[in-house]
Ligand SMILES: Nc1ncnc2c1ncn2[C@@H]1O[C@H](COP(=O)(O)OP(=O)(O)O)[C@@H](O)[C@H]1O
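The form predicted alone is given below as one chain in structure tokens.
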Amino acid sequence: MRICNIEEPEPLLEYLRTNGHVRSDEAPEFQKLSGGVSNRTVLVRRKGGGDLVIKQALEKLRVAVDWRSDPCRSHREALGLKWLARLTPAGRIPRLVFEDQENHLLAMNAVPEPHTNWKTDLLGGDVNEALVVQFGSLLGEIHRRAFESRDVIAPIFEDRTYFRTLRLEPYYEFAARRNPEASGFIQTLMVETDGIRETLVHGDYSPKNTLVHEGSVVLLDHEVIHWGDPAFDLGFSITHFVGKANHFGCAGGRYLNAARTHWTAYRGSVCGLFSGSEFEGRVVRHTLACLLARVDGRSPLEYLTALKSDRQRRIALDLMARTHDSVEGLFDALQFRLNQRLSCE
């Protein structure tokens, strides 16, 4: 059965009943979920339990600029759900219930209530160090365990189409077009990234895609998952802590400390597998490119004002002109420049 829009309750109910996903006499409640730009997402509340979250990929993403990606990526996310559940401790990844290739949608078990979105918690000022450690350790475990099973997993996730359409073009290339002085740095980084095939890369590892339930982090949104450069996941995730440090200004030091804790927890979890100055240099470069992309890419951080976006842009461009082979050195440089710019404003 075709369903064009899962956000319309009556067609969704008919679809679920017709395909045997709910009983014919069942009348679940539907709630549209917000927060993402690339999917329609609906929570299906069932009176007998077994709540579902259904996602349907959009061809045109919900952002201010024109941004498109093949909705077949929902099946890459389904694949990610299956494999990440094998690589992570129980409860860290929702269970895939079904996928529908005709309608480009999937359903997973809903994370039980009560839970919170970690991005919302962080923006509310709640910086829980134990959750930061979990977040870094979980990423390290995914990278390490996938690498250990690389002969099996690498061929499955070799296609990097969605990484290009959802990350490299809308983040790196788009930001480079807006900042010609960064073009050489970003183009070199993209060539470097294209040549690296080391482990499973989530591609969207961020607090926004993390729920907190009973003191544990639960990871969501896997449509960018691919076999590639683990340094991208680190640069992408570190950027979210640095962006919040920028957002909170004089009170932002705890978010930079969280970035350091995240990095330390990651290193402990990979057991030295991804390390050394060459790897750290890649992490630094991805962090700087992501910092610029999150103000000048197709999906800027919505909580940054124009003044804060300009501050982040100038810091990223300034540090791109310098060589940093140490992640801790980058944190020190970011701390110095954030404090320096705050004192001038």
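Each residue number is its position in the shown sequence, starting from 1. Remember, predicted model here, so these are calculated numbers, not experimental data.
What comes next is about the form predicted together with the named molecule, which does not appear here.
- When contacts are judged by a 4.5 Å heavy atom cut-off, K55 counts as touching the named molecule in the predicted complex.
- Within 4.5 Å of any heavy atom of the named molecule in the predicted complex lies no heavy atom of G281.
- None of the heavy atoms of D229 is located within 4.5 Å of the named molecule in the predicted complex.
- Although the partner is absent here, V37 sits close enough that one of its heavy atoms falls within 4.5 Å of the named molecule in the predicted complex.
- Only one of 254-262, 156-164, 182-190, 204-212 places residue heavy atoms within 4.5 angstroms of the named molecule in the predicted complex, namely 204-212.
- Shown without its partner, this chain lists L139, A110, L105, A146 as candidates; in the predicted complex, only A110 has a non-hydrogen atom within 4.5 angstroms of the named molecule.
- Though the named molecule is absent from this view, in the predicted complex it lies within 4.5 Å of a heavy atom of just one residue from A245, L84, V270, L220, which is L220.
- Although the named molecule is omitted here, in the predicted complex all of L33, T41 and N117 have a heavy atom within 4.5 Å of it.
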